[in-house]
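Only one chain is given next, in structure tokens, and it is the form predicted on its own.
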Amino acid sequence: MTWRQALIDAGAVPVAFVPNPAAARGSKEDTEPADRAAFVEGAELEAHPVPDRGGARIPPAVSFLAGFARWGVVACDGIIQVVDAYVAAAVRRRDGRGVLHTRFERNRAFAVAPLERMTPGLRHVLEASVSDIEPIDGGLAGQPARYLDTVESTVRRVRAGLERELAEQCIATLGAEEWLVLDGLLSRSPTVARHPRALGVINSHGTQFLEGRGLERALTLPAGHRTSVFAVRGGHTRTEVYSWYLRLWPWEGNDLLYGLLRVEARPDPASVALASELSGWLVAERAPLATPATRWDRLLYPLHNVEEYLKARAPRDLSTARHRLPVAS
């Protein structure tokens, strides 16, 4: 018997709600407070062409790290929504034939609930039935939308922690010429952010580091170009990195963020010197297309491969939302 069924048998109301796909992934949107960019390549932001696919120099060995999150409300104790969550992360290394092999992997299945707000009987059943519970503040239980935002933030934090731990584990074992490319912020880990062969690739743009003419140049960057490199100090939990924007596909006819990535690298002059070469390599990694992912235009294919690997290994009972149409009695 699952812990959810035990909870329902004890009197909880069964619920079937899985959030929209973006929330279910555990959004990695870059929304932390950040200082304005400090230019480290030139006096202002410029567009620089990068090597085309034929001229891109791809490192002989690369590992790719991505994560996956899925959660849903499965039962209610009055208005208290109890959540079933699963997060996972993996590092997959590409061999000489171009095949990705898993090197490191971690996952965590857990419940999310405001234990102090639950009725004593159902809380006892939950604590006795599931070994891993993330308690959250129940103060927002009466505001379901804000409560679910808190749940999403909790799941996202757990996922980020797994990814950070795997990144630190991976860089400790990288070969002399091997690189690590991770899906998300390099700057969450000081150890990873200072490594000479680690890159963070961010495909959401909730935080703006630029303004004025620099922002306009970044958002209208032509395909196959990168911006000048700038320093990002980030919020309270991030270390300094060097960063630049990179356009994978033309935005004209689509939207300003179409095909736009932000890359993070260690804060070192070598990152500036290598920015164009590294960008040409990343552009080459866009093929084959990362479909059917909705954000395929900003998702490097090897990172998509890691995501698909994790999805295939995830528990299947939360893979799709149950239908919400009324059932005839």
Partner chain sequence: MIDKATPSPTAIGRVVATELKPATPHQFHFWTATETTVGIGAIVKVQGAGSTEQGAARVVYGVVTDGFAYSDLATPLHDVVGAEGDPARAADAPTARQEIRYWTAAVLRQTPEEPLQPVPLGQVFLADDADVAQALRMDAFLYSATPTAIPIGLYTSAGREAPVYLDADFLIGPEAAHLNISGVSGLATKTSAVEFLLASIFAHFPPHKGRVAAVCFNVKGPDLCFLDQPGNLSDEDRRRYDRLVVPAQPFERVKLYAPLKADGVNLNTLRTHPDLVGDVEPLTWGLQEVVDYAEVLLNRDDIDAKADAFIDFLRDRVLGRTFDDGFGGTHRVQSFADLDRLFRSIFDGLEITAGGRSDTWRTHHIATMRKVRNRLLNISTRCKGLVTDDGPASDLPWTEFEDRTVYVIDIANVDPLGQDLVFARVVSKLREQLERRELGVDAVVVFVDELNKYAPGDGPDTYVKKMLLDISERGRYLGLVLFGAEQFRSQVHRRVVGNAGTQVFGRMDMDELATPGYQVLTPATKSKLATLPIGELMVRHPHFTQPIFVRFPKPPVLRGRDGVERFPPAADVPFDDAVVRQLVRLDRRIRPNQVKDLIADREQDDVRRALAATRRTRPDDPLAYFRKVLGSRVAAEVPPAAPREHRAVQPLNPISDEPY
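Just so you know, these numbers come straight off a predicted model, no measurement behind them. Numbering follows the first chain given and starts at 1.
Below: the form predicted in complex with its partner chain, not depicted.
K.L.:
Which of 284 to 292, 271 to 279, 65 to 73, 40 to 48 has heavy atoms within 4.5 Å of its partner chain in the model of the complex?
P.N.:
It is the stretch 284 to 292.
K.L.:
Using a 4.5 Å heavy atom cut-off, are I58, R97 and W249 all in contact with its partner chain in the model of the complex?
P.N.:
Every listed residue reaches its partner chain in the model of the complex, so yes.
K.L.:
Given that its partner chain is left out here, which of R92, R238, R164, H205 has a heavy atom within 4.5 Å of it in the model of the complex?
P.N.:
That would be R92.
K.L.:
Using heavy atoms and a 4.5 Å limit, would one call P267 a contact residue for its partner chain in the model of the complex?
P.N.:
No, P267 sits far enough from its partner chain in the model of the complex that none of its heavy atoms falls within 4.5 Å.
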